[in-house]
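Only one chain is given next, in structure tokens, and it is the form predicted alone.
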């Protein structure tokens, strides 16, 4: 029996470049009885940083289109950037009446504009009932696995719009990892950006290298993320660092739903072909 229903917003990166992440998210949500409704009319969120900086109104128009699609179901995303952008646009449209009027007129809606709730899928997983469901479905002993977590920049920010976890000391990702039985490992600069948003490539690589050094010092077996962009930065980024600087960290990166799959006894081995750094300890 379905417990919850959401309109599914897959975003651009995962669907095009990282299909195994979308598949993993769908598998886990189905297991905990969350139904995803596909909406073909969804467009880019759009980007919560660059696009909004270029034109706030056009950002709101694109986000408003996604929010205005008919139907009362809330929206669930697998990308924190998408969740952040849509949630902040929702906040603006609910609190700035003149802006909302201009957006509504520009969209030429033929139905009532009911602004839905927007959540990253981690917010759903970290809910008390589903967290308990995950614990009850774990079949594989992961107690010896040392897991570090990376929250990224957008998952819990802006806090006034996202309304999820503590923006300074979040724990939702750690809670979900702990529900699988794995050991959550703390490390220096845990809340630092992965470096992906940096326009300068050298700066991006320097931030990534620093994060990986901190993770190596903490003797982590794997790093778990909840963002497709962070996944690509850490996974592909390690290959780039090895080629350009001779740094070989060999740290497997898992999207959080993949770790849950493993804990539930769903091997997900078909997805490892998309990983540059293979999680040998879990194979």
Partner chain sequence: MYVLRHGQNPLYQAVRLGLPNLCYTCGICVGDCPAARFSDDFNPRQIFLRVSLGIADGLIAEQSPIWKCTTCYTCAERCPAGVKPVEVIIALRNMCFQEGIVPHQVSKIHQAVVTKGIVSALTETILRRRRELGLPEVSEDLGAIVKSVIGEDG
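Here the rigid core means the biggest group of C-alpha atoms that line up within 1.5 Å when the two forms are laid on top of each other. Numbering follows the first chain given and starts at 1. Being a predicted model, the structure only gives us computed values, none of them experimental.
Omitted from view is the form predicted together with the partner chain, to which the following refers.
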When the partner chain is placed as it is in the model of the complex, are 73, 141 and 148 each within 4.5 Å of it, taking any non-hydrogen atom of the residue? no
Which residue, 56, 33, 245, 216, is the contact with the partner chain in the model of the complex, using a 4.5 Å heavy atom cutoff? 56
Go through 153, 212, 124, 185 and name the one with a heavy atom inside 4.5 Å of the partner chain in the model of the complex. 153
Since the chain is shown here on its own, which stretch among 163-171, 124-132, 176-184, 109-117 would lie within 4.5 Å of the partner chain in the model of the complex, judged by heavy atoms? 163-171
Give a yes/no on whether residue 49 approaches the partner chain to within 4.5 Å in the model of the complex, heavy atoms considered. yes
Quick check on residue 241: any heavy atom within 4.5 Å of the partner chain in the model of the complex? no
Can you work out whether residue 19 and the partner chain are in contact in the model of the complex, taking contact to mean some heavy atom pair no more than 4.5 Å apart? yes
Touches the partner chain in the model of the complex: residue 95 (any heavy atom, 4.5 Å): no
Residues of stretch 164-194 in contact with the partner chain in the model of the complex (4.5 Å, non-hydrogen atom): 167, 168, 189, 192, 193
Superposing on the rigid core, do we see a C-alpha displacement of 2 Å or more at residue 107 between this form and the one not shown? no
